[in-house]
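Presented as C-alpha cells, the chain that follows is alone, the form predicted on its own.
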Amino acid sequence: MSTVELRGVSKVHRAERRDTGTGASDGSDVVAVARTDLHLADGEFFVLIGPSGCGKSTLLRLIAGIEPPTTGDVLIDGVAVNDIDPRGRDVAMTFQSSALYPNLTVGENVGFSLRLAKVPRATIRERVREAAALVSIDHLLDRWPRQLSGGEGQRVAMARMLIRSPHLFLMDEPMSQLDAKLRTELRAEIVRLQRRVGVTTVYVTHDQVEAMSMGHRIAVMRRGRIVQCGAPDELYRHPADLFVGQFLGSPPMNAWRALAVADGDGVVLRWMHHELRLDADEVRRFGGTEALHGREVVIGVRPEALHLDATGPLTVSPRFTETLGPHQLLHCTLGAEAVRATDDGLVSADDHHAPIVVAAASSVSFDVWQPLHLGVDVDGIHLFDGEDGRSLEQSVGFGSGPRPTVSAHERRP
C-alpha cells in the first residue's frame, strides 16, 4: 500500500505558436489541472468526480506518470516520482474499455504482464487462478475476449490489474459503458475487492451514485480545480457551494433566489409572493441576522427536505410525476427565479417559474396544475451567496478572503 501526495501540481496544454515572429498563438493555453495540493492516505479509496472536461482523468494520468506535470510534484510514499515512468511507479490502471488482447485467452490476458516479466509459467498459472478467483472469473479462463459480456470483460481487466500486486490502483470510469444492473453489481464487487486487498485506489467517475457509494473520500472537480474534498456524507450535507450541492444528489438540489430581511432575532427569506422564516437558532449557522439582512441569497433545498403540508409556506403547481416503486418524484413549478450553477458561474432563469422536485410517498395523489402546499425541513435548508454561489453556512466552504485551490487533508479510511 502507498500514500500519494500532490504538491502544487498543474497541467497546462500550451497552444501551438505560429512562426510569424510575433509569438502569436493559434489559440489560448488550456489549463487542464490548476495548482492542486492533495494527500491520499494509505489504503484509501479516493474518488474524483466532476463534469466532462473538468480535469479528473488528467489528474489520474499525472499520478500514473502517463503525462508529466507542468508545475509541482507528485509523490508516492513520500518520494517525488516526476521523473519516473509508469512502470517504475508500480501502478495498475483500468479504463472505460477493458482493452483485452483479442488473440489471447482470458487466462493469457490476465497473466500477460507476468509473462513479459519472465515469471516462471507455473507461478503465472497459480497467480492467474488466484486473481481470477478474487473477481469470480475462474470459470472463464479458457474463453476468448469476443465471448465475454461487458461486465465479464471489466472483471478480466480487474484481474489483470490485481495480478501485479501494485502499490496503487488507478481506475478511469471503468463502468461507464455498462448497463445499470451491471454497474450496480460491479460497483459492489470493486468495493469488496478494494477493502479485501487494501490497495490505495483512485477512481474517476462522472456518476455521483458511484462516488457517494464507493469512496472513503470524494473530490468534486470543476474547471481543473478541486472545489471540495471530504467524506461523501459531509459533501452531501454541507456543500461548499451551489455547484457541489447541485452536482451531488439525484434529483439535484432545488435552488432559487430570495432576499433576506431581518425580522426580530430571525430572518425572513422573501421572493415574489412567498416568504420563509428562519428563527434565531436557524440563522446562527449562516452567520446571524446582521450578516444576512439585505443580502441576496440562493435558497437550496433537496427534494427529500420538502413534504406536503396544507399549512406550508410554499405553494407549487404540479406538472408530472415519476413513480419509483415505494416513492415518487413530484415535478412542480414555484413562483421564483431558478438558479443553476455552471462552469461559468450562476445562471438564472428569467421566466419566474422555477422547477422544483419533491420526494413523496407513492400513495400520494394529486391533480396536475392544482396548487399544492409544501413544508420545508429547516435542517435541510442551504443558503448560498447570490453572486458567487458560496455556502453561507459557517462550518463549511472556504471562509472569508481568497478561495484556495484545494484544501484536502489526510483522512484515514
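Remember, it's a predicted structure, so these values are computed and weren't measured experimentally. In this text, residue numbers run from 1 along the sequence as written.
There is another form of the same protein, the form predicted in complex with a small molecule; it is not shown, and what comes next is about it.
Only one of 49 to 57, 357 to 365, 34 to 42, 340 to 348 lies within 4.5 Å of the small molecule in the predicted complex by heavy atoms, and it is 49 to 57. The small molecule in the predicted complex is not approached by V378, whose heavy atoms all lie more than 4.5 angstroms from it. Among heavy atoms of H353, none comes within 4.5 Å of the small molecule in the predicted complex.
The three residues R87, R115 and V119 each lack any heavy atom within 4.5 Å of the small molecule in the predicted complex.
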